[in-house]
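Encoded as structure tokens, the following chain is the form predicted alone, with no partner shown.
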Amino acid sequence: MGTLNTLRSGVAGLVALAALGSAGSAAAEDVTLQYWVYSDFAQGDALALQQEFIKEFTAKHPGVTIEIVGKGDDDLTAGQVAGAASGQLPDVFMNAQSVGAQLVDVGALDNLYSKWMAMPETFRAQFDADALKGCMPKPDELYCLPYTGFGSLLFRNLTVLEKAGIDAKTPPATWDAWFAQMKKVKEAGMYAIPDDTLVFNSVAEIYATSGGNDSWGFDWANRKTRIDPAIMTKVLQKFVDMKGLNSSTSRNDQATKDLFISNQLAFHNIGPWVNPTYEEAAKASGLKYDFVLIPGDTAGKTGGIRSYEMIGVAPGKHADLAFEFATYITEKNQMARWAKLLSRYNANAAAMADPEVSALPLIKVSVEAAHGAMDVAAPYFIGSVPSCYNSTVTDVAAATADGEYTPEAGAKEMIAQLNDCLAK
């Protein structure tokens, strides 16, 4: 086996050298790479750092220009799917692992396995093992490099909690304790939480307070949902209980952030990307807030979801150069710089272990959150999730909260519809 691995490594190394030679030739021809990212990567400090990465890379690749383009979540996926059909794909791009199978199906992602294996072991060993596993549906198929990621957090408005008579020094350890605080906030005339039935990820976050990976996601072999009816019944009861306490806005709405900043909303369960906004509000208007783990049903269990954002490379004549750029920006040094600037968790485990990174308060909580959270839509890269799946989850959750179903009937109806959806 050792001989085989050595031989394979040697062949892969020759492939890599050939690829890099090809990249150099491409660079001499004045190549422009299109690099698509999430919109929050293309603004403010995040954009400035991305442009710094690009400048460093292109300085070593004369003739290469990289154009960074920011897009919203849905536009990013739609553009990549449409690009695959029209032959106008971006050369290198971000997205969530949860849409990876869809992008493979339409031909948007190159199989990077041979290029990956040609990289030094010191590079390959940097990445979070679970995040890397998510990119590999089969042992010889790798469709992405792990990039950024998140574990969802509970942002708390400390002024609202104080007005509601809540001692915020000790975060709620269980769902019951958290729900009791929500009721106090509402009794004091403020909103407790966004409406978590409006977005699939927030339904998943609340499901994770009772369930976990063993009862979530997809049974692709039988094309059925893995949702447990008893757990979903309990979760739908939570949405019924929270109905009169929420702000009627989704966790992703600007209105939700405005309510939080203006001291009208106590809790915002979401990823760490809202922190720059709240940090700025703290400086500008004195917002008092913190971020803690989302409590689960029992002490020690946490809710919330985790997900990894990947970077993929489109097949085509620029694939080698695009892969080289992808390896540059996901390498430890760049990911550590990213984490230090934005306090954002990412999938480079070596960067996360950097003492200067791991000491950052938001990173510290994010790492803990990611370890205890539920995967948002695993397993990845196995099958394309039909659009009816996510909409069914939110539709039935909202209908149950509105009283159209009892929680038990809602869970039964949701699972039946999800199985029909996956069977199509």
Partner chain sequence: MNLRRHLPHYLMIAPFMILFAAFFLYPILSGLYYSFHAWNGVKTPEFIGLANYQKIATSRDFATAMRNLLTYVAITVPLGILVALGLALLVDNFTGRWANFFRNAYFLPVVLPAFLAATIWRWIYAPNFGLLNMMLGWFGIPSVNFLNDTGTMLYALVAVDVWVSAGFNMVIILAGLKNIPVELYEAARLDGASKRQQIVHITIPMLGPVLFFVVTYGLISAMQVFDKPWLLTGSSFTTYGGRRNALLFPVMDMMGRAFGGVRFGEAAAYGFILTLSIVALTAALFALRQWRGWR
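Take the two forms, find the largest set of C-alpha atoms that superpose within 1.5 Å, and that set is the rigid core. The shown structure was predicted, so the numbers you read here are calculated from the model rather than taken from an experiment. Residue numbers count along the first chain shown, from 1.
Below, we refer to the form predicted in complex with its partner chain, which is not included among the displayed structures.
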- Query: Can any non-hydrogen atom of residue 197 be found within 4.5 angstroms of its partner chain in the predicted complex?
  - Reply: yes
- Task: Please check if residue 74 has a heavy atom lying within 4.5 Å of any heavy atom of its partner chain in the predicted complex.
- Result: yes
- Message: Residue-level question: is residue 413 within 4.5 Å of its partner chain in the predicted complex, judged on heavy atoms?
- Response: yes
- Query: Is residue 387 close enough to touch its partner chain in the predicted complex, meaning at least one heavy atom pair within 4.5 Å?
  - Reply: yes
- Which listed residue (125, 353, 255, 284) meets the criterion of a heavy atom within 4.5 Å of its partner chain in the predicted complex? 255
- 136, 119, 96, 84: which sits within 4.5 Å of its partner chain in the predicted complex by any heavy atom? 84
- Message: its partner chain is absent from this chain, but in the predicted complex, do 264, 395 and 399 each have a non-hydrogen atom within 4.5 Å of it?
- Response: yes
- Message: Using a 4.5 Å heavy atom cut-off, which of 244-252, 202-210, 345-353, 299-307 contacts its partner chain in the predicted complex?
- Response: 244-252
- Query: Can you tell me which residues in 99-114 come within 4.5 angstroms of its partner chain in the predicted complex, by heavy atoms?
  - Reply: 102, 105, 106
- Query: Just checking, between the shown form and the other one and with the core aligned, does residue 72 shift 2 Å or more at the CA?
  - Reply: yes
- Message: So that I can tell if residue 189 moves, could you say whether its C-alpha shifts by at least 2 Å between the shown form and the other one after the core superposition?
- Response: no
